[in-house]
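In the form predicted on its own, a lone chain appears below as structure tokens.
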Amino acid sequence: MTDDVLPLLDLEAISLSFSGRVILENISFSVRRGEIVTLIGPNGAGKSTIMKIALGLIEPDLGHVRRAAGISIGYMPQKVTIEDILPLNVFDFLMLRIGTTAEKVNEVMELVRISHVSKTPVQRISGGEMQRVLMGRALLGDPDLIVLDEPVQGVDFNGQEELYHLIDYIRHEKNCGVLMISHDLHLVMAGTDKVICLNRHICCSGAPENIKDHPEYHALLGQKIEGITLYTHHHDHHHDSHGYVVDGDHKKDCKHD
């Protein structure tokens, strides 16, 4: 296989427990170059734990994590809090990354479209601009894979749409893989190659157009209003191999209030 075909990141049968509580159970997926994979799920589903395993910050109890040889990974956190008393503009903030250069910072600022705020204090830029700054920082090392933790956190609807378009542009421009973590189904569904519905185990996964009719996918939907999905999921059941809910010895469709 060529390098473009081999996964940048491959998780196989990952399981993890803390203090006897199952956090992740039998999680398997991969991310390839040029591909966007999005994890969705409610709070407590294990999304952040998967992110930490992908970054090598946590070792699973069971399973295997394989990263491509020599891989470089960029990470974008949900947010960064910077004290008002710290005199730090956007350019200087990006220059804090060890090993970077002014030329590289200028290149990245242009890529994520924040050159116009380069001399603005980071405490004074908008939420959308700050998310672009954090994305720019993740790109400074020319990563093969970028991990984005809730990249549209605190951004209004129009800003979210722009950020998702930017992520799509970057993966093509840089030919990098993207592992994106979210709790939203709207917008993100249209801008990803593979969606993984997670609630400690993988409820369902696949291309958005292929999983929209899957029983487990519908188990994650609360209701739809004007084309925007409102996301709720209450996980108090088990599933058979066909994706149906098993209640004792009975099989039924998965429905949620």
Partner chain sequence: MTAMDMSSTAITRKTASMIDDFILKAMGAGILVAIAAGPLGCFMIWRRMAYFGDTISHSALMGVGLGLALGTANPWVIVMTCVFISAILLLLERGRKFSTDTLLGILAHSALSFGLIIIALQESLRQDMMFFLIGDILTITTDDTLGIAFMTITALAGLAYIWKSLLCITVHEDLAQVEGVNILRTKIIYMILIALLVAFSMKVIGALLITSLMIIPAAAARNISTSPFQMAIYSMLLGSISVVMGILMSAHLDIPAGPAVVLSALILFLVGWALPNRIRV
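Residue numbers count along the first chain shown, from 1. Throughout, rigid core stands for the largest set of C-alpha atoms superposing within 1.5 Å between the two forms. Worth saying up front: this structure is predicted, and the values here are computed from it rather than measured.
A second form of this protein, the form predicted in complex with its partner chain, is not displayed here; the remarks below concern that form.
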Inset, instruction - Spot the stretch among 55-63, 23-31, 38-46, 199-207 with residues whose non-hydrogen atoms come within 4.5 Å of its partner chain in the predicted complex. - result: 55-63
Inset, instruction - Decide yes or no: are Arg113, Glu129 and Tyr169 jointly within 4.5 Å of its partner chain in the predicted complex, with each residue judged by its heavy atoms? - result: no
Legend entry - Partner proximity in the predicted complex: Asp156 to its partner chain, non-hydrogen atom cutoff 4.5 Å: no
Inset, instruction - Mark Asp84 yes when one of its heavy atoms lies within 4.5 Å of a heavy atom of its partner chain in the predicted complex, and no otherwise. - result: yes
Inset, instruction - Would you please decide whether His165 lies within 4.5 angstroms of its partner chain in the predicted complex, comparing each non-hydrogen atom pair? - result: no
Legend entry - its partner chain contact in the predicted complex: Met135, any heavy atom under 4.5 Å: no
Inset, instruction - Align on the rigid core first; then say whether the Cα of Glu173 has moved by at least 2 Å between the shown form and the other one. - result: no
Legend entry - Threshold 2 Å Cα movement between the shown form and the other one for Gln123, core superposed: yes
